[in-house]
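Single chain ahead, by itself, as structure tokens, in the form predicted on its own.
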């Protein structure tokens, strides 16, 4: 109960601030619509209204504040409008419908899982090589770090165009972008974990005449497990971002990225926000599943005893 109260308090504060921000963001549209409907005589010219302070406009027209909270195509849709859109596109739609967020989330999730698997395997393999080979440590690690300085929005179209030129389309290009974003956290976390045993522990295994393979499986790998799961959580969230970004430059019609594009094209801000929340729920689910496996694994290995 003690852990739930702070979370609910923060959520309540976010909702209150969200509603408060929607009033000045939407007040100009509300006044314009009221003028068109003949509900008011124009309180100010459009130029004056555009240049006026939004908060001041809201305070001078308090009777129109309720209209700012329930607008279609609002600049900032309110929480109840966003969650109504979420409800209508998840519960009220068949999951096979192209208007269902569940359908689009699965399209994005499939690319995320494939890219995350590729990135995790590649990251673990690189980390093992970096720890056991000084040449790889001096050469591969700087390149891995440098690769993350390239904006993903710049490299995503390049990856898609190159793969399309050799006939590779569909799921794999998006998965490659996900793998690009997810492998780096795994590399860093695994390198840190594999190097976490101290000198005394390594010297003890040397006195037992343990081979490098035995040292790896008996000491380094078990010590790296907490670091690995932490990096996998970060990598999973990054992989989801990569899958969504991979859908943007292709003009995709399926996936959460496609929903974001369609919402921006047609001014459907509620659709944009609902897709963002769906992405957040998917990311939270992935992190939660990895956390569950982490607790089970850590208990089995005796870390939490």
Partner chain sequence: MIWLAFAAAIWVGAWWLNSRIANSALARQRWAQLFVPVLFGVTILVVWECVVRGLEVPLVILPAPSVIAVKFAAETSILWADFVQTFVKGALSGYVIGCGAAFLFGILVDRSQFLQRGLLPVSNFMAALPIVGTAPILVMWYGFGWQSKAAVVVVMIFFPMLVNTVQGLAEASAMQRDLMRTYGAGYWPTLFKLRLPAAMPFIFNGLKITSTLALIGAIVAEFFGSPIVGMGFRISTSVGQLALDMVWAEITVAAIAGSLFYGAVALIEREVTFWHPSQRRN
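Here the structure is a predicted model, which is why all the values come from computation and not from measurement. Numbering follows the first chain given and starts at 1.
Note that the form predicted in complex with the partner chain isn't included here; everything after this is about it.
K.L.:
Counting only non-hydrogen atoms, which stretch in 199-207, 131-139, 117-125, 221-229 is within 4.5 Å of the partner chain in the predicted complex?
P.N.:
The contacting stretch is 131-139.
K.L.:
Looking at 67, 34, 58, 241, which has any heavy atom no more than 4.5 Å from the partner chain in the predicted complex?
P.N.:
Contact with the partner chain in the predicted complex is made by 241 alone.
K.L.:
Just to be sure I understand the contacts: of 92, 168, 150, 214, which is the one whose heavy atoms reach within 4.5 angstroms of the partner chain in the predicted complex?
P.N.:
Looking at 92, 168, 150, 214 one by one, just 150 meets the 4.5 Å heavy-atom criterion.
K.L.:
At the 4.5 Å heavy atom threshold, is residue 25 in contact with the partner chain in the predicted complex?
P.N.:
Residue 25: contacts the partner chain in the predicted complex.
K.L.:
Answer yes if any heavy atom of residue 292 is within 4.5 Å of a heavy atom of the partner chain in the predicted complex; otherwise answer no.
P.N.:
So residue 292 does not count as contacting the partner chain.
K.L.:
If you check in the predicted complex, is residue 75 within 4.5 Å of the partner chain, heavy atoms only?
P.N.:
Contact with the partner chain, yes.
K.L.:
Taking any heavy atom pair closer than or equal to 4.5 Å as contact, tell me whether residue 297 reaches the partner chain in the predicted complex.
P.N.:
Residue 297: no, not in contact with the partner chain in the predicted complex.
K.L.:
With the partner left out here, which residues of 266-294 have a non-hydrogen atom within 4.5 Å of the partner chain in the predicted complex?
P.N.:
Heavy-atom contacts within 4.5 Å come from 267, 269, 272, 273, 276, 279, 280, 283, 284.
K.L.:
With a change of at least 3 Å, which way does the C-alpha separation between residue 153 and residue 124 go in the predicted complex: closer or farther?
P.N.:
Residue 153 and residue 124 sit closer together in the predicted complex.
K.L.:
Relative to the form shown here, do the C-alpha atoms of residue 153 and residue 232 sit closer together or farther apart in the predicted complex, given a change of 3 Å or more?
P.N.:
Those two alpha carbons end up closer in the predicted complex.
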